[in-house]
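The chain below stands alone, shown as structure tokens; this is the form predicted on its own.
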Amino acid sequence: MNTPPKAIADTSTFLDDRLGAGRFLKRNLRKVFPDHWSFLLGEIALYSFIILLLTGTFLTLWFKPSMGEVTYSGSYQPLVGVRMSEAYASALNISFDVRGGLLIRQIHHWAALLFVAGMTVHMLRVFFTGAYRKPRELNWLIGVGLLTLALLEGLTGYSLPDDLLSGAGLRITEGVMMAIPIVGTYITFFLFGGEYPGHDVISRFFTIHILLIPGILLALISAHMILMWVQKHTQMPGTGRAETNVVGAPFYPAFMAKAGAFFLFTFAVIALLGTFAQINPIWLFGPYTPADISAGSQPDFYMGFLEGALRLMPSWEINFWGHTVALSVLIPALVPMGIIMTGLALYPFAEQWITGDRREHHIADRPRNNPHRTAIGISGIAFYGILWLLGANDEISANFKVSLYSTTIFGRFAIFIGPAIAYLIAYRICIGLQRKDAEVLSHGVESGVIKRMPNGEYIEVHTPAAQDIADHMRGKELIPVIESGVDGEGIPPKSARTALGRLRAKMSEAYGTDRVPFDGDGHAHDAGHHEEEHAAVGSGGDHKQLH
């Protein structure tokens, strides 16, 4: 019974003799993957992308990417006899006349939202844990490119139904392109096929949405996975974990079984959302016409920051040589996105330059152990979140009875003050959590056992932290700091002899100085004196903690 069937054995031998598949599989099927819940975030994005490809293929069979006018005669009675584009009519046909069409449409839309959300959270996990450091800088850049393309993919797909809501978003897109100096008009005429709305934009967006961007995404995702496979996965600090090993379960069968189950869970959640949570009911919006407007229009969440930036920006413009540059559109369209994406792309190299750290890193940082990096990330989230929130300032004003102008003025101040406050709060929280780790390592954890001393004093007995938790905390790695002092002869190092070098040294000192250094036993050097136990003095319910 230990011998495989002849058909399988012969086929395997045939392939192995010609492709060397046996050695390849033997080496790679036992590849070890670390086990940590945060590593599943990237898998959510991957599985959502697979669902997008499958549902998008179904929708492609029925959708007509044409702006030619037709008179609707389908099943949705309120729109019968209304003139509309073939694209909108076919989207209605998918929703009401194709078996399972509405379910697939909604699954596709929910999967798109989860795809972008999964990529965003996965990227934040990589950022906060420092998993972008050498040798993974290239994979980080691929991830930034994937997120940017995902936003463009969502924009093109969102516009395809040609309903009133997507048409309003398309109008904003046209305005942004027109605001680009010199080439904006040419880009707009090329994309729309003439004056807005033209006759070609839907068919061109359709080609971009189902062919161009998905092809690039598929190639970049493949490259991303191959690099991750070759470079091995990062792992969180803990017992037995080092830069030279990976602690976890093998790819086959453990990881494959978990991945298969997690894909089914992801699909189940998206399918339930598509079944019970209505999204993008285009039949309620009606067909798009440039003359119609609607109140309360909101884009999908991943484009909310652009909406907020447009609403907060003052009506600035520059006029010269008979030309007008609409800064009120150009700055919101390019600057926030440029700050976020350019900052993400350059950060690994900026951190490497500031710290001078060119070592390979396979152990991920705990976010609290690099407080400046974590604070920078939190301030970026605050920057994005304020823009996203103020993209709905009209809804906030209407529902909370607040002046629309007040929300706008508040947003203009908050976009600068909010990230700074978020930075300071996040930094202090990280320092506080580090001090808590040092306290746990040096004093242990509360056991809940109250002990009476011979002198009548009551104390709570502390026990050492569990070994795996203690090793996780001891995985704190010092951040390198570039030398900035002088030698015995008063000569500064070569790297600090220029203005740029001195700036780099000061930034390195600020970025890498450990505010809570502690030894192997967890004693914090600057945390002050701590008693071994917390004493409870008094009787009944009166307790006072003494340090």
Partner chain sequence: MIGTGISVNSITARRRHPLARFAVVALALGLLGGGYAVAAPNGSSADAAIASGKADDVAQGKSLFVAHCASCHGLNAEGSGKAPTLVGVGAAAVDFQVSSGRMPAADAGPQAPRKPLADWVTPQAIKDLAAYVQSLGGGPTVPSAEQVDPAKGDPAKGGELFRANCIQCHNFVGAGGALTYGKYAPPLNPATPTQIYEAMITGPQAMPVFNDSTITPEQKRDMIAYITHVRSQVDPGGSGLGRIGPVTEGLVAWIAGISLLILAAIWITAKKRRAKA
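Positions refer to the first chain, counted from 1. What you see is a predicted model, and the numbers here were worked out from it, not measured in a lab.
FYI, the form predicted together with the partner chain isn't displayed, but the following is about it.
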Counting only non-hydrogen atoms, which stretch in 439-447, 349-357, 209-217, 144-152 is within 4.5 Å of the partner chain in the predicted bound form? 439-447
Of Glu86, Glu477, Asp394, Glu137, which one comes within 4.5 Å of the partner chain in the predicted bound form, counting heavy atoms only? Asp394
Identify which of Thr342, Asn399, Thr71, Ser222 has a heavy atom within 4.5 Å of the partner chain in the predicted bound form; exactly one of them does. Asn399
Check for me: heavy atom within 4.5 Å of the partner chain in the predicted bound form, for each of Val80, Leu113 and Pro299, yes or no. yes
Does the 4.5 Å heavy atom contact test between Leu273 and the partner chain in the predicted bound form come out positive? yes
Should Gly377 be classed as touching the partner chain in the predicted bound form when contacts are defined as heavy atoms within 4.5 Å? no
Check whether Asn280 has any heavy atom within 4.5 Å of a heavy atom of the partner chain in the predicted bound form, and answer yes or no. yes
With the partner left out here, check for me: in the predicted bound form, does some heavy atom of Phe285 sit within 4.5 Å of the partner chain? yes
